[in-house]
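To begin, one chain is listed below as structure tokens, in the form predicted on its own.
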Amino acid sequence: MADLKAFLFDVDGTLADTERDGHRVAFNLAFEEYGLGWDWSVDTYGKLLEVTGGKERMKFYVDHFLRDNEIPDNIEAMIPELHQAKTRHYTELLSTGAIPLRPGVERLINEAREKSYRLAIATTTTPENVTALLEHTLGSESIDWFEVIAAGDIVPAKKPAPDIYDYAMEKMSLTPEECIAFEDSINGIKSSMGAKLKTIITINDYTRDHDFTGASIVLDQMGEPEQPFSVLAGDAGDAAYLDCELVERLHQKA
């Protein structure tokens, strides 16, 4: 077994609960700005999360949720503009501090840096969304902590395809045996396992019923010393929160 060298993080739902109260709200603000009359409820957005990528999600909504008379004639040209507006609204939400990191995320990242692990991002969200989240939670200097930020349209096939992880590892000159992934959804674990990565799952409200077969462990959160995690699948031993020691142990398991 190769030594563990790098932590590869998904963003939305993994680093922060961005979906329900971040991206969904920003989409609705963009729809309002363009006078579309569309509104994505919490339940509707949960269904739309089966599609990865914001532009792809809107196209799926148009194709499967709307009647012909509810679709603007220029929708194909409008979707990229809507996505830009949504990104603007999302970064504005982040700037208010409305979307904090999930429990244990900052602690684990700081510990990984102290132990000289290499860090990377592998996500379907846009690079602007990633940098905005990092800036408003960990500080602007944190962007440089991540050797690679593989995000958005940098690869043609988004999750559940493994391409984004393959891209990150290629840029870092690392093999899957030298890395571990952190994910929160079925599309995420399909992507990471497709790239032959061992994967740690922290669920959220939208993904608690997903199939995480093959995950190294499934947790409700990374946890803190005073806020222990719950183990939903797998073995954490006597650990009460996710730290580098537990990550290393999970990586070494056959």
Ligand code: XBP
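Start at 1 and count along the sequence shown; that's the residue number. Note that the coordinates shown come from a computational prediction; the quantities given were computed from them, not determined experimentally.
The same protein also exists as the form predicted in complex with this ligand; that form is not shown, yet it is the one meant from here on.
J.: Residues in which of 63 to 71, 208 to 216, 49 to 57, 29 to 37 have heavy atoms within 4.5 Å of this ligand in the predicted bound form?
T.: One stretch meets the cut-off, namely 49 to 57.
J.: Only one of His83, His136, His89, Arg102 gets a heavy atom within 4.5 Å of this ligand in the predicted bound form. Which one?
T.: Checked against the cut-off, the match is His83.
J.: Report yes if any heavy atom of Ser142 sits within 4.5 Å of a heavy atom of this ligand in the predicted bound form; otherwise report no.
T.: Contact with this ligand, no.
J.: Is it the case that Thr131, even though its partner is missing from this view, gets within 4.5 Å of this ligand in the predicted bound form, heavy atoms only?
T.: Close contact is absent here: in the predicted bound form, Thr131 is far from this ligand, nothing within 4.5 Å, heavy atoms only.
J.: I'd like to know whether Tyr45 contacts this ligand in the predicted bound form, with contact meaning heavy atoms within 4.5 angstroms.
T.: Yes, Tyr45 lies within 4.5 Å of this ligand in the predicted bound form.
J.: Please determine whether Thr199 contacts this ligand in the predicted bound form, using a 4.5 Å cut-off between heavy atoms.
T.: Looking in the predicted bound form, residue contacts with this ligand do not include Thr199, since no heavy atom lies within 4.5 Å.
J.: Using the arrangement in the predicted bound form, list in sequence order the residues of 2 to 38 with any heavy atom within 4.5 angstroms of this ligand.
T.: Read in sequence order, the residues that approach this ligand (within 4.5 Å, in the predicted bound form) are Asp10, Asp12, Glu19, His23, Phe27.
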